[in-house]
Every structure is written in C-alpha cells, then in structure tokens.
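Next up: just one chain, as structure tokens, the form predicted on its own.
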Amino acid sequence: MNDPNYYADQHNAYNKSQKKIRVLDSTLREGEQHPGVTFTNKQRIQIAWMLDYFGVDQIEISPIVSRDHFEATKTIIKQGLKADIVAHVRALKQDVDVALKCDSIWTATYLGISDVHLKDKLRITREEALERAVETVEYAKSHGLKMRFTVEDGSRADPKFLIKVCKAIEEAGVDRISIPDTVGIMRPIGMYNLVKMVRENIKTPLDVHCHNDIGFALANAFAGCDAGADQIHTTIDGIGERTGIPSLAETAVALTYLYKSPNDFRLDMLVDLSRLIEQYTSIRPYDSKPIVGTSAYKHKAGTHLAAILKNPAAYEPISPSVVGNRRRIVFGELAGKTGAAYLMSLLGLAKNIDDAKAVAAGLKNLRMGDLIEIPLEDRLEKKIINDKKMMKLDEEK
C-alpha cells in the first residue's frame, strides 16, 4: 500500500462526503486571559491579519475590556478581512451597544446558566437569566447584528434548563449557540452526549468551547463535532484562562488529516504563528508540543533513526515542512549502527558495517546522553519520492 496511513484511515471511518468544521480563533480574547499576556494594538492587528491569511473562519476580540481593545476591534473590523470579526461582550444591552459602535457585524454574548454561576457569580434566578438571555438576543437582532450566544458553564447546568435556554434564544433569532465546557470537566463521551442532546432539540448551528483543565480540551472539542457541532474555538498554542483551550495547530492539522474537513488552511504558517506568540508573550511552547514544538520532529532511538533514514513516514504522520517545522535526528548513546553510519558519512569518513558498529558502541560507552543534533532536510523525502517514481517506471517498462 503506497499510503502509510491507509489502514489507519479505515479505522477512522471517513464518510465519502465530509462536513466542514469551522474554526473560530480567540487568541485576541481568550488568549489575552492567559496570565501575563497582553498585546499592543499593533500586535493585535498583526495577529488578526495572520490568522485571516492562515484561513480561520472567525476571529474573536472583546471591545469592552479597555479603550485599547475597543480601538483594536474597530480597526480590525475596518481591515476588510475575509474572516468574520466577532465582538465578544456580556449579555447586556449596554455591551451590545459597544459592539455596535465598533461597526461590528458579528457579536457574541455569554451568560452563566449553571446553578453555581447563577447563585454565586451573577446572583440571579433561572427565570431572570432566561429573560436576560432572550432580551439580549432580541436587542442585538433588532439592530441588525449576527449573534452567537454562549451558555456559559453549560456542561454543569441542569440539562432541562440548558435546553430551555437554547430553545428560547433560538426562537429569539440567535445565529449560533456555543456549548462550552467552561471548567474542562467533561470526558469526550460526556461532551458528545451533551452536544448531541442540544443538537436533537434545536436546529441552530453549534460551536464548542472546551477548556483544558484536565487535558481533554481537544478531544472534547472533536467529540462535540462528532455529535453535531460545526465550529471549534481555538487559540494559537492553546493559551487562555488557566490552562487554555484547544491549540490552533493541533485543531487545524486534525481537521485536515484526521477529519478530512474541506478547510483552506495554510498549514505551513503554524510554526510561524507559534513563534509570533512566543515573541509577543515570552511563553515558549514546551519542546514536545504537537506540531509546533522543537521536538515534534526529532528522532533519537536507534531503530527510529534507521527507519527515518530510509523513509520518514515510518515515524511521522505528516511531513514537518507541511506545518513549517523541521526534522532533526539526535545522535548519542541510543544511536544504532545505521545512525552511526550516517553520521560517519556526514563527517566524510569511509564507512563499513564494522566501523559503524564500533562508533555506535563508542557513543553508548561515553554515557553522555545526547551529543549532537543534525537537521534532516526534506531532500531525503524528495529522494525517496524520486526513487519510488523510478521504481514505478522500471516496473512499467
């Protein structure tokens, strides 16, 4: 089989016609809630431009946070970007007025509907919350806005009340409803059941906004999409309140390769986007972070090196060049004879199997761990592809 992922794709059970799962990026809203993170207006505008060029469907920013955020929102809206700019505000008429002053087309409001939020944060009854939700949607729609409503802490709300609120705001004309796991408490099967329950009761398009407190944000977001949602909220590198939400890189790659969603992402920008946020925030993604981490494409064990030198697909689901990353091979005490032979060739040394074994043994006996890292460029992949083409031509002859 030419495609190394062929049998894995069979297990993933793709349909012939895949639905598009959209991406809303909230780096400029949720991302700025990460401890220690704040952007200048120039940085906000640049991030918005890059996210738009990357290919996200919506970009979220909150104009009510400060005067600077208001000006940034207004300026970004004026840029005429392809992505929708969503002005994120509280479920209050005066906040909707702020979105209107930004010349916003899309706005998003949120209101806690769990008992703990109603009692201890908002100090209102369920009836008052329902009334506020409907009034806010009606007010926004009467002023020509497109509206998304987030039923905050929906995963911990009384299911009957959750459905009651969703039905009421649907009747009021809401354009999208966001189902959040606000404190990251759901298992994937739980998020699936939650979204499925909402999907079976309303027709309005659904978003999922999943937090990563226990590490399930990405899995929960996709479970929600499997149940009927069609938009995931992300941030660059997953930054956000507490432990953040799904990473844009992981979400976009999963959508492209695991969900076959017909998005138009420029995946080769992913590492650059990550490094931009690192530059602006000093938050460095951990080395083994999927897709964008410095170790995401490093290969070290002897058997791995031997396989990678023959065909990188043996230990890589996709090429690093696709996402803007680089492949590296690590030499040290775990290197085997194949890796040692390759190192010898790089050093211009004559090589044979006995010398390679001796070098490998010497690296192990040094007991100094990793000694050297060497980039392994895509020229190797090109050579493999060309070799396969030549073999095919020979077979045809």
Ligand code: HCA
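Treat the numbers as computed from the prediction; the structure is a model and nothing was measured. Note that residue numbering begins at 1 and tracks the sequence as displayed.
Note that the form predicted together with the named molecule isn't included here; everything after this is about it.
K.L.:
Tell me, please, which stretch of 77-85, 203-211, 136-144, 308-316 lies within 4.5 angstroms of the named molecule in the predicted bound form when heavy atoms are compared?
P.N.:
Contact criterion met by 203-211 only.
K.L.:
Of 274, 231, 150, 325, which residue is found within 4.5 angstroms of the named molecule in the predicted bound form when only non-hydrogen atoms are counted?
P.N.:
Checking each option against the named molecule in the predicted bound form, the one that comes within 4.5 Å is 150.
K.L.:
Does every residue of 29, 110 and 180 put a non-hydrogen atom within 4.5 angstroms of the named molecule in the predicted bound form?
P.N.:
All three within 4.5 Å in the predicted bound form.
K.L.:
Consider residue 46 of the chain shown here, and say whether it contacts the named molecule in the predicted bound form, taking contact as heavy atoms within 4.5 Å.
P.N.:
No, no contact at 4.5 Å.
K.L.:
Please determine whether residue 33 contacts the named molecule in the predicted bound form, using a 4.5 Å cut-off between heavy atoms.
P.N.:
Result yes; residue 33 sits at the interface with the named molecule in the predicted bound form.
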